[in-house]
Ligand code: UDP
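What follows is one chain in structure tokens, specifically the form predicted on its own.
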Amino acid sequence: MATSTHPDGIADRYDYLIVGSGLFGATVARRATDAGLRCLVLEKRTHTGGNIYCENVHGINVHRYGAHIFHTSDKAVWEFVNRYVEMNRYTNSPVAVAPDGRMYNLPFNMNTFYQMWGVRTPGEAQARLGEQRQEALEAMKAAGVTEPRNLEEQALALIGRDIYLQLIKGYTEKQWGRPCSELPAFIIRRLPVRLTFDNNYFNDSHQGIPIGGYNPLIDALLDGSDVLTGTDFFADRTRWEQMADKVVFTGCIDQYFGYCYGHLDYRTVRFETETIHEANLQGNAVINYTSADVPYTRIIEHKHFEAFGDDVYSNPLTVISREYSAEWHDGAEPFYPVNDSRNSALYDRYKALADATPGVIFGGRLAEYRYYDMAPTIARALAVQL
């Protein structure tokens, strides 16, 4: 991979100009290069990898843009990734600190229900959940409501009052910056409920994190491409577009079209990262804070992504990141699309423009204005017709 912050040494002509070096762009670059095509990758940031970039701090691979756990049941995607990196055995098992001060296992499973109510059997848990669901449905019926109108009503109907108040309400409102009663119901149409003592957050057959972090994966995917970091496509758009036969665009779709229909809304995340002179601060990689009184949504302790058992103590230092969710503003990184009715309708208008734009492939979370996990991002990039 030839990487430079200056255009010196790049070719005059390429088959593909790829805007963005995250998983979608890097995967397309790998496929194109393997097919004998020449790729120029432009990256606005000073590093490649997009939001999966890792920074080594005191020997710990810090997920600079938040926790990224690779998980999939797609055998083709799993095999594709394992061509380039070896995955470790990390299993995502977050813990939540609730407003009542107690700690609960996630996702909602028999451990959670025992911690919440003291129930010991699936039958007891089912009965408790059924009582609370029925209570919510009767309250809606008394108000003349036949279908949940918002996230709050939807969550109460799915999981009941206790879990909603302790583990959903505060966290969700911090994450979206809006009351649950004003958020659309579809955000939480389904909640995973397990009647087993199983703290594995994901149901996928494959899960893990690349040994050594995600940077080796991105480096392998971009190998053979010319890569310019610290380069903003929009600063010299005409020049870049003229250098390639086709464009792969992974940035914000509304920006590509000059915000001609207006701005799409995004949520962003601010990270407060700190080195702690302690080998093991919280005993888990991910701990959520669901109380509205705690300003951050969660604390990530990065060493737990790759160090297991006694290995955690081989490094006397640890690195944590507190995550703060906020409205996106100019200059911040857009993280999550706000898929409410207004933004969905606005995106549909931009999507129509994208479909009518020849020679440009729009892909990834920002270009398609949808939340993508890593594996579906790769699957989408593998399915693109080159």
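As the structure is a prediction and not an experimental result, all values here were calculated from the model. Numbers for residues come from their place in the sequence shown, where the first is 1.
As for the form predicted in complex with ligand UDP, it is not shown, yet the points below apply to it.
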Worksheet item: Which listed residue (R190, R89, R239, R120) meets the criterion of a heavy atom within 4.5 Å of ligand UDP in the predicted complex?
Response: R190
Discussion item. Just to confirm, with a 4.5 Å cut-off on non-hydrogen atoms, which of Q132, N288, T112, Q207 contacts ligand UDP in the predicted complex?
Written reply: N288
Item to complete: Would you please decide whether L217 lies within 4.5 angstroms of ligand UDP in the predicted complex, comparing each non-hydrogen atom pair?
Response: no
Discussion item. Is T172 near ligand UDP? Define near as a heavy atom within 4.5 Å, in the predicted complex.
Written reply: yes
Worksheet item: Taking 4.5 angstroms as the cut-off for heavy atoms, does L106 touch ligand UDP in the predicted complex?
Response: yes
Item to complete: State yes or no: in the predicted complex, is some non-hydrogen atom of W176 no more than 4.5 angstroms from a non-hydrogen atom of ligand UDP?
Response: yes
Worksheet, complete the sentence: Exactly one listed stretch (123-131, 258-266, 74-82, 160-168) reaches within 4.5 angstroms of ligand UDP in the predicted complex by non-hydrogen atoms, and it is 160-168
Worksheet item: Taking ligand UDP in the predicted complex, which residues of 315-348 have any heavy atom within 4.5 Å of it?
Response: Y336
